[in-house]
Each structure stands twice: as C-alpha cells, then as structure tokens.
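The chain below stands alone and is given as structure tokens, in the form predicted on its own.
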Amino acid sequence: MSSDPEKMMSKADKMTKLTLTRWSADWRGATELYEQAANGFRAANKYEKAKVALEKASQGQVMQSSPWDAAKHMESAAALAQKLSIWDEVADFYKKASELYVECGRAQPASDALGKAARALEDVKPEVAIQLYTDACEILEEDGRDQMAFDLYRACASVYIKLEKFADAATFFLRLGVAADKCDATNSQCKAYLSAIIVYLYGHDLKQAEKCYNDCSQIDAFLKSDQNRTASRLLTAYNEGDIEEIKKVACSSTVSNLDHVIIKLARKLPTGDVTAVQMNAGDDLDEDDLT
C-alpha cells in the first residue's frame, strides 16, 4: 500500500462513500488510513492536513462506536490547531473531545480536555478561557471529584484578575473554599478565603472584604486559622489607615504561602487612598446627634 498520505486520504474518502457497487461504508478501513495519513502529514510538518486527517479519523471512530478513541483524535487535532493558531478550532475540538469523554462516562479526561483548551486560550481569548475553566470545574463537581478541580478554580481566578474583574476572581476563590470544605482540605480552604479577601482589598472594596471575612469566620476551621488572624490584622490596619501595618501583613509568611498571583496583589497593597477609608467610616456619624 502507498505510504503517500495524500493517496491514503483519497482512498479513505472513497471507502466512506456509498456507490452503486459499495452499499456500505468501510469505516474501519477508512479510519486506519486516516490515522496513517495523519502520522505522515505530521512527520512532513503539514499540520493543516494532519489536522483534517485527525478530524476524519475521529469521525471514523464515532461511526464505529468508539468514543474514547474519537476523543483522543479530537485532542490531537486541537493540539495541531493550537500550533497553527486557529483559536476557534482549539476551543471547538477540545469541547468535542470533552463531550466524547463524557459519553464514555469519564469525567476526569472530559474536564482535562476543557482545561487544556482554557490554558491555550488564556492570553488570546480570555473570556472563552473563563467559560471553559468554569465548565471543566462543573464536570468534576457533578461527578463528586471537587478535589481534582482545585487548580482549575485557581486558574480561572487568575484569568479574572488579569482582566481586572476582581469580584469574579474572589467568587472563584470562594468556590474553591467550598470545594475544599467538602474534601476536608482545611489548609486549601483557609488559603482560598484569605485570597478572596485580598482580592477584594486590591479591588478597593473594603466593605465586601469585611463581609467576606465575617461570612467565612462562621466556619470553625477558618475562625481558628492563621489565615483568619492575618485577614483580621489586614482589615484592622485598613480601618485604622495604618499603611505600614498593611505592608507588614502583606509580607507575612501566611501571605507568602498563597498562590503567586495573590502574593503579587498583596505586595501592592494598599491600592488607593487608605485615609479615604477612614473618612468614609466617619460618614456614618450624625454630627447633630450628640447623645
């Protein structure tokens, strides 16, 4: 048989088409040819053609009721689309692979495929990446595998921070905290809550940071933690307008053990005018009420 991938593709295409003399498609034979053609094109650095061959090989595996192999081919096609910077296809192919893994009842690789797509798109299509990370988390949550989603929550929060959507970033750290609570991962839980508070402070939202602190302090594990004490010191320093104390707490070992993206934010605290915080706090007083 010819080793020319172009001829393999042509022969495979004919095997999938019905004619007067061919009453049923030979998907098994065609798929093998598509797979061999993909390898040949890849070896010749003809990535666009290899990608097309892998798409057809994936379809061939679907026609043979083999979603696992079909998903593997879609992931390979997605990786080539990434190499070619065809970003819409990167998202579409990884999503298709994820759907095929779900069809196999395999939540982890289904989530992993979406995670790969999200990482590939973080810089070029961050909003799409966020949705992919979110979907990847939900697949694991629905399968009761919350602990496997920790890195995905962090990655999604990081993209939100790059987009300066601080409230959304904090929400994802809180989701991480809830997932960690389900898994009894106390250290990850407490770090997630402190991270959310720091994100709110970086986004100039002291009120939300305090609400977050009060809500999280209802949870016994956080109430007794070093992260709680650090958050308390930080909020007290903000309310007192003590810039030096804010900087000191931001450089503490507890903060230094958080994710790198949060450490970077903390080192820049305080952002904005801290004295304005004190003035706003004073606005609640009624000057005419001297009782």
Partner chain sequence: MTVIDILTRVDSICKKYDKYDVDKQREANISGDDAFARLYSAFETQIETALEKAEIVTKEKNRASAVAMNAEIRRTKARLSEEVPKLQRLAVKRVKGLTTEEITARNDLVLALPARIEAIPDGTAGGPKGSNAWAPSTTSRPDIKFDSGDYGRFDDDYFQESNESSQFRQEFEMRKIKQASLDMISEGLDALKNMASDMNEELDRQVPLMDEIDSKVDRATSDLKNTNVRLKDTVNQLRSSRNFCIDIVLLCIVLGIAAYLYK
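Owing to the predicted nature of the structure, the values given are computational and were not obtained by experimental measurement. Positions refer to the first chain, counted from 1.
Missing here is the form predicted together with the partner chain; even so, the following discussion is about that form.
Residue-level contacts in the model of the complex: of 171, 188, 82, 208, one residue has a heavy atom within 4.5 Å of the partner chain, and it is 188.
Listed residues 232, 39, 239, 257 were compared with the partner chain in the model of the complex; 257 is the one with a heavy atom within 4.5 Å.
Shown alone, this chain has one stretch from 118 to 126, 133 to 141, 178 to 186, 194 to 202 that lies within 4.5 Å of the partner chain in the model of the complex by heavy atoms: 178 to 186. In the model of the complex, the partner chain sits beyond 4.5 Å of every heavy atom of residue 45. The closest non-hydrogen atom of residue 89 lies beyond 4.5 Å of the partner chain in the model of the complex. Of the heavy atoms in residue 162, none are within 4.5 Å of the partner chain in the model of the complex. Proximity of residue 102 to the partner chain in the model of the complex: non-hydrogen atoms within 4.5 Å are absent; the residue sits far from the partner. If you take 104 to 141 and check each residue for a heavy atom within 4.5 Å of the partner chain in the model of the complex, you get just 106.
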